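Below you'll find only one chain, the form predicted on its own, shown as C-alpha cells.
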C-alpha cells in the first residue's frame, strides 16, 4: 500500500491539493485510528443485526445505500467529523454541504462489481467542479477485496456516454458503465486501510472488482458540495450544512438525525428519495426503481 498523504494540522498542503486537481483523486489519507474505525464497524454491524428484520418501510439495505446520513446517526457522525471536513475543505473551500452518504458493502467471496463510470452522470448537477466524494474504509480495501480503481486525469473529460446494462452483478442501480474501453494499465488501485479515505472528483472514471477475500469490504462514500453547486434536473434537492455558511440557497437544508430510523427521519428520507428520483433516473434505457440495487455511483 502507498504511504499516506501527509497532513499539516489535519489539512492538505498546497502540493496535495494541486495533485488532486491534476489527477482527479487523492489517497490514502488517514482520518481515523484503527481502534476508532473498528468501533464504527462494530456499531454498524450491530445495527445490521438488530434492524435486519425490523418493520421498516423499506429493506435495511436501502437505507444503508440511499442517503444513510438522513436516518443513521453513525453515518452522519462520521460524515460531519471535523477531521474529515478539515481535509475536504482543502478542495471545496470553507463552506460545505453534505449531500449524500452511502455504505458500499461487498460480502466475502462474492462476484458483485461496480462498473467503470462517472458519478456526475446521475446527480443532475451537470459538470460542476463544486463537488467531491470522500470514500472512507471501515475494513481493508485491497485489490483482493475489490477496492476502487480510478483513471488518472479522466475528470478532465466531459460527462461521457454511459450504457445501462441492468446487470444483476453490477451494484449500480442501472448497471451503468461508461461507454469507452478502460485498459487495465490505465487503472490506479485505490487500496486503503481501515480509517483511511480517498477523495475523487465526480467526473473521474472509476469502478471496482469483486471481493475475493475472506472479509467484508465496507466503505462509506460521502458526497460533499460547495454551496455553488445546483440541482438542474430535480425540482428540489436537500443537504446538511456541514461547515461554514450557505449563501446560495440552492438546496433545502436539513438536520442530521439524532435517533436511529426515527419516524420523522424515515418520512424525510422518503421525501428526499421521491424528489431526487427525477435526477437519478434521467435517461434510463428502461423503467428502473430508484436505487434498484441501491447505488448511484462509487464503490
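No experiment lies behind these values; they were computed from the predicted model shown. Residue numbers count along the first chain shown, from 1.
Omitted from view is the form predicted together with a small molecule, to which the following refers.
Undergrad: Sort through 100-108, 76-84, 187-195, 151-159 and report the only stretch with a non-hydrogen atom within 4.5 Å of the small molecule in the predicted complex.
TA: Selected range: 100-108.
Undergrad: Can you pick the one in 138, 221, 72, 225 that has a heavy atom within 4.5 Å of the small molecule in the predicted complex?
TA: Residue within 4.5 Å of the partner: 221.
Undergrad: Verify the contact flag for residue 211: yes if a non-hydrogen atom of it lies within 4.5 Å of a non-hydrogen atom of the small molecule in the predicted complex, no if not.
TA: Close contact is absent here: in the predicted complex, residue 211 is far from the small molecule, nothing within 4.5 Å, heavy atoms only.
Undergrad: Give a yes or no for residue 92: in the predicted complex, does one of its heavy atoms lie within 4.5 Å of a heavy atom belonging to the small molecule?
TA: Result no; residue 92 lies far from the small molecule in the predicted complex.
Undergrad: At 4.5 Å between heavy atoms, is residue 114 in contact with the small molecule in the predicted complex?
TA: Yes - in the predicted complex, heavy atoms of residue 114 and the small molecule come within 4.5 Å of each other.
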